[in-house]
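Only one chain is included here, represented as structure tokens and corresponding to the form predicted on its own.
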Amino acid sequence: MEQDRAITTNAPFGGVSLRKVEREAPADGQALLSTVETGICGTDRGIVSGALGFSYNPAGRDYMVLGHECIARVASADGEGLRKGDYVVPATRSGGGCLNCLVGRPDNCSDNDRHDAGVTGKDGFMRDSFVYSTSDLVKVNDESVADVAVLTEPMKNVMKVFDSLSHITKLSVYHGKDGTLRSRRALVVGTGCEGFLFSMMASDAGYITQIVNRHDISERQKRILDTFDVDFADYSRPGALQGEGVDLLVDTSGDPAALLGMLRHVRPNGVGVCFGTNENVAPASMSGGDIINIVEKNIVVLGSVDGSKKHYMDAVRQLSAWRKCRPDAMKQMITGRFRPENTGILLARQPGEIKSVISWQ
């Protein structure tokens, strides 16, 4: 039996190791995939550190293969119009039996009967090869985007939020007098990969966009933001926030104090998006004044996680467009490529990191 290298953990207890696992054989309706690159995000590091209590191994196992961000190539496939050599991105979540899952929206699972690759009860993609349902694969038709297609999984989260916004903003007149968003402001909290992608998308949508955190960022990061006309500020400094309030707030930090503080800047009929999660930050208290602010201004607070296959497809198209019109900036989004043997990269974020990836070929 052939074996693959795989990066594993023992969820929810944590730890990380490179081990040998048996190579899988595809069944009907499955494809055998050769992993090209896997991305590393805060969720992976939270699992490795034992900080994410909701993570668990596949049933009957004392380990789980990590990784939920992936670009792979088809080694063999059964159906779905796939051919050997095609680039594909696997959709992370497998649905259960609720109505949302049954209609292709496991991202909105209503009974929690689902699994997320590399996170909850299902092996991830940090291995030389894996098998996957062909119906859960998104083909990357534009091969020129393959060098940044590992960003598809985080980008699909952004596409879902903006899909949701297209519905929420119909509750009132949200655009400006000229019928566009050019007079509207967006504020993104957190300068990780998701924060960058949210701010880049907001700016492209027409918002005057600012991204903030509580420390400075590298010159490389600032150049990427400049390319997308996004302003950066350290919000711990007085007067750092632009303008007189914001219409779209996206929090990727998971810090309740930061979220509550920034919600106070949201203007009437604005939207506050909660995306980031962090179990280890200090709690924060919401006052009666905070509730009055949300109620009296008709502010919508939206929680969002994951995305459907449609959002993966939208993400591939958006990355392809950016790769064509801003090639240098997009290539700079990948701040480090590492070999599978370098498991230490999963222990701590690198200085100036936007997205670190593991190269398997």
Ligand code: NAP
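A residue's number is simply how far along the shown sequence it sits, counting from 1. These numbers come from a predicted model, not from an experiment.
Beyond the structure shown, there is the form predicted in complex with the ligand, which is absent from this document and is the topic of what follows.
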(request) Would you check, heavy atoms only and a 4.5 Å threshold, whether Asp255 touches the ligand in the predicted complex? (result) yes
(message) Is it the case that Asp123, even though its partner is missing from this view, gets within 4.5 Å of the ligand in the predicted complex, heavy atoms only?
(response) no
(message) Can you tell me if Lys170 lies within 4.5 angstroms of the ligand in the predicted complex, counting non-hydrogen atoms only?
(response) no
(request) Look up in the predicted complex whether Phe275 has a non-hydrogen atom within 4.5 angstroms of the ligand, and give yes or no. (result) yes
(message) For the interface check, one of 300-308, 329-337, 24-32, 313-321 should have non-hydrogen atoms within 4.5 Å of the ligand in the predicted complex; which one?
(response) 300-308
(message) Going by heavy atom distances of 4.5 angstroms or less, which of Val266, Met200, Val189, Val140 would be at the interface with the ligand in the predicted complex?
(response) Val189
(message) Please tell me which of Arg214, Arg220, Arg182, Lys84 lies within 4.5 Å of the ligand in the predicted complex, judged by heavy atoms.
(response) Arg214
(request) May I ask you to list the residues of 322-361 that have any heavy atom within 4.5 angstroms of the ligand in the predicted complex, in sequence order? (result) Arg349
